[in-house]
Each structure stands twice: as structure tokens, then as C-alpha cells.
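Just one chain follows, in the form predicted alone, and it is written as C-alpha cells.
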Amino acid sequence: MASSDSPARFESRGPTVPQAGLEATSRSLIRRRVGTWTSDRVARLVFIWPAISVVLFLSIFPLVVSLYLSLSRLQLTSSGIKIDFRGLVNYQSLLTGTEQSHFLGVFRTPSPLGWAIFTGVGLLAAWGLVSSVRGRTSPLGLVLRAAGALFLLAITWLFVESVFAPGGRPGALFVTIVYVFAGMGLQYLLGLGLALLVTQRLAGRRLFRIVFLLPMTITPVGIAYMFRMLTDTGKGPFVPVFDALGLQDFTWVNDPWGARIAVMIGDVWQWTPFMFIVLLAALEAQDHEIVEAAHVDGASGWQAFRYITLPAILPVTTTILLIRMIEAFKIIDLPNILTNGGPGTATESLTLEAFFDWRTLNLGRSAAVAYLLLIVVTIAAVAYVNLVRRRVTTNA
């Protein structure tokens, strides 16, 4: 009887000492984790979310207000501000209405050169679509690429109708595109050339590094006033040079393309140091032993640069070109101070046009120009990122 009752008495005693210690430890861990989670949540609520809320408010609220203004007409009255909702009237006036010649330009039948440019772009777009089909792109990707190709063809057609056509005149949109891509290409080539030059074993290369960075220390307004003085053939330090070249009576601002070239020269001078310093850091960070090994194996300087150096600096190149492209679309100081948008509206950028509308209290049209600029920048940036991503993936 005693032996049969002992198991029952043993089972009724409850958990052993080790089991009770494990349960206490697990409860302690649970309480600690709950306390840590609660403290992290409180920290997020107290420190992080207020800062995020302020940033989102300062970013989203102006976008919403400017979008509403672009669909309205704001008037200053004796009783205050009057805002009338007008729908897409501001956009219609810019794209197809009274402001079309100002925003898009004056269109005429393209010249043979214009037809050749449009045909070349069309062939490139068709080749890109065929490559996408052969690459087994998803149906959604093909639709997006086809839409992008049609948009590119439409922009190219409007561009050749206004720029490469007798009697045509480009508007603020295409003037801005010329500023962006022509200036960005020159800045990259000059910056890369200077960076390659400084990496050579030349005397005084440390001094050149400092001298090449000086334009970045000057404000855009100061650069604009400096180039306004330099391009004046009647006074300034280059008057003897202009006299020797027979340019005493020549003025940059009387010729549309002369004024645009003057603006682009100032922009290139200002932003080439940015390309230079970043590319110089990328060149100095690459593995020089690979380049030396290529030279030992008989590779020429161009072959080493083409197949080793360029792929090595490609990630840096794609990043600085994207940053510079987004920044270049916002050019305003140089055309405003150097030419005041003239002659006529020949040197007006989209940002400068929006500024002129804002200064005349036409806030609705100014906001519409700003939103169209946002759309153009977004499309250009997305297309560039997709193109570069495929290229980087292929090289990798």
C-alpha cells in the first residue's frame, strides 16, 4: 500500500526546483522584452515621429497647395485673397493656348537635318523596343517602354519643329533641355579630363586641385554678375581682346543662340569642379595594380581607360550625372541676371518662367509651370535610372 501511494504523493507535489527556475527565467525574459519594446515604442513616439511629421508636413503641404493653385486663379482684392478654381485652364494655356509659343515654342516644318534627327531617334527607339522583346521583358515592362518611346518621339518631333526648322523658335521647355544635357555633357567631359590630368605625375598638381575648385566657392549670383561683366564687349578686362578680334559692336544678348551659349558657358564653369572633385576621388580609389598589369600585358592607354578605368568609375558617374541633371533643370540665376531671359524669351528656363509669373502675381500659372517641370524631371530621372541600371547590370 505504501509503495502504491508514493507515486500519487510525488505527482501532487507540483514542479521541481529546476522547473520553477526555468519558468521564472522565462517570465523575466518576457517582461524584459515587453519593457524593451515599450521603451522603443515610446522613444519612437517621442523623438522620431514628431521629426518625421514635421518633414512630411513641410514636404507634402506645399505640394498640395501648389497643386491646388495650379488648378486655380489667385487674385488680390481689397477684401483679401480670392481663389477661383479653374481646372486645367492654366495647363491648357501653356500646352495648347496663348502661352504655347512661350512654353513650347513656335513650330514650323523641320529642315532636312531635323528630319534626319527625328529618323535617328525613331530608329533608336525601335531598336530599344526590339531588344526588350528579345530580352523577354514582362508585358507591363513592354507597355511602359512603348509609352516611353512614344513620349521620346513626341518630344523629339516638337524639338526639331522648333529648333531645326526655318522660322521655328524653341520655348522655355526646350531651352531648359538644351541647358541640361549640353551643359551636363560638357561638364562631365571637362571634369573627367581635368581629373585624369591631375592624377598624372605633374608638377604643381596639388595647386591645380585647389584652383579647379574655386568656382564652387562662388555663389551663383556672383558668377552671373561676373559673366555679365566678362561678356560685355564695351567695358571690362577683355575689351582689348574684343577690340583685337573686331568684336567692339558685338553683343551676346542680341543673338538668341549667342545668349544661350553665354549662359551655358557660365553654367559649365560653375559646375565642372563638382564633376572634377568626385571623379578625381573615384579615379584615385580604383585599383592601380590592375591598370599596371594591363600595361605590362601590352594594353594601350586608351584600352586600359576604356575597359578598366571607365567600368571602375561607372557607379560614381551614374550618381553624379543624376544629381547634376536634377539640379540643372532648376537653373535660374544665370539666365535671370546675365540676360534677364532675353533676347525676348530666348534664354528663359522653366524655373525662370515660373519666377516671372510669380513676380507678376500669376501664381496659378507659375504653379502649373512648376508642376510641368516636376513631371519632366521625374520622367527624365526614371528613364535615366532604368537605362543605367540595365547597363550596370550588364557590365557586372
Partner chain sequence: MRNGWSMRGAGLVASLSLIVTACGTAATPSPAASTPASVPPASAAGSPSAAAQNFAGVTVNVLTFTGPQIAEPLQRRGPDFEKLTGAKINVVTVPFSDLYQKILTDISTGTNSYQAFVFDPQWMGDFVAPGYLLDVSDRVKSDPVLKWDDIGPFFRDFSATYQGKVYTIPLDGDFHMVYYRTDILQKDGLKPPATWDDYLAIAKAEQGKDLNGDGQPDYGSCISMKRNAQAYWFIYSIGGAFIQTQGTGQGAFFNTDNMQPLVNNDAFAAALDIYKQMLKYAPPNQINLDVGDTRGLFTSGRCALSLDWGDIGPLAVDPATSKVQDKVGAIILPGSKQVLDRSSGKLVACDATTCPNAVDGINHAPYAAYGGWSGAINAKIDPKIQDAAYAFLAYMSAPEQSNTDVTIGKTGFNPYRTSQFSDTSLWVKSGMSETAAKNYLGAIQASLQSPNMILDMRIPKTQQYQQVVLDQAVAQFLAGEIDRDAAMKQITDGWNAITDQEGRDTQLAAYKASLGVQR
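Numbering follows the first chain given and starts at 1. So that the term is clear: the rigid core is the largest set of C-alpha atoms that superpose within 1.5 Å between two forms. Just so you know, these numbers come straight off a predicted model, no measurement behind them.
There is another form of the same protein, the form predicted in complex with the partner chain; it is not shown, and what comes next is about it.
Q.
I'd like to check something about Q75: if you look in the predicted bound form, is any of its heavy atoms closer than or equal to 4.5 Å to a heavy atom of the partner chain?
A. Contact check for Q75: yes, within 4.5 Å of the partner chain in the predicted bound form.
Q: State yes or no: in the predicted bound form, is some non-hydrogen atom of W252 no more than 4.5 angstroms from a non-hydrogen atom of the partner chain?
A: Yes.
Q. Closest heavy atom of F85 to the partner chain in the predicted bound form, within 4.5 Å or not?
A. Output for F85 is yes: heavy atoms within 4.5 Å of the partner chain.
Q.
Check Q303 for me: does it contact the partner chain in the predicted bound form (non-hydrogen atoms, 4.5 angstroms)?
A. It does not: once the partner chain is placed as it appears in the predicted bound form, Q303 has no heavy atom within 4.5 Å of it.
Q) Any idea which of 85-93, 109-117, 145-153, 158-166 reaches within 4.5 Å of the partner chain in the predicted bound form, heavy atoms considered? A) Only one stretch qualifies here: 85-93.
Q: Residue by residue through 233-253, tell me which have a non-hydrogen atom within 4.5 angstroms of the partner chain in the predicted bound form.
A: Those in contact are T233, G234, K235, D243, Q248, D249, T251, W252, V253.
(Q) Does I81 shift between the shown form and the other one by 2 angstroms or more at the C-alpha, the core having been superposed? (A) Superposed on the core, I81 moves its C-alpha 2 Å or more between the shown form and the other one.
Q.
Rigid core superposed, CA of G236 - does it shift 2 Å or more between the shown form and the other one?
A. Superposed on the core, G236 moves its C-alpha 2 Å or more between the shown form and the other one.
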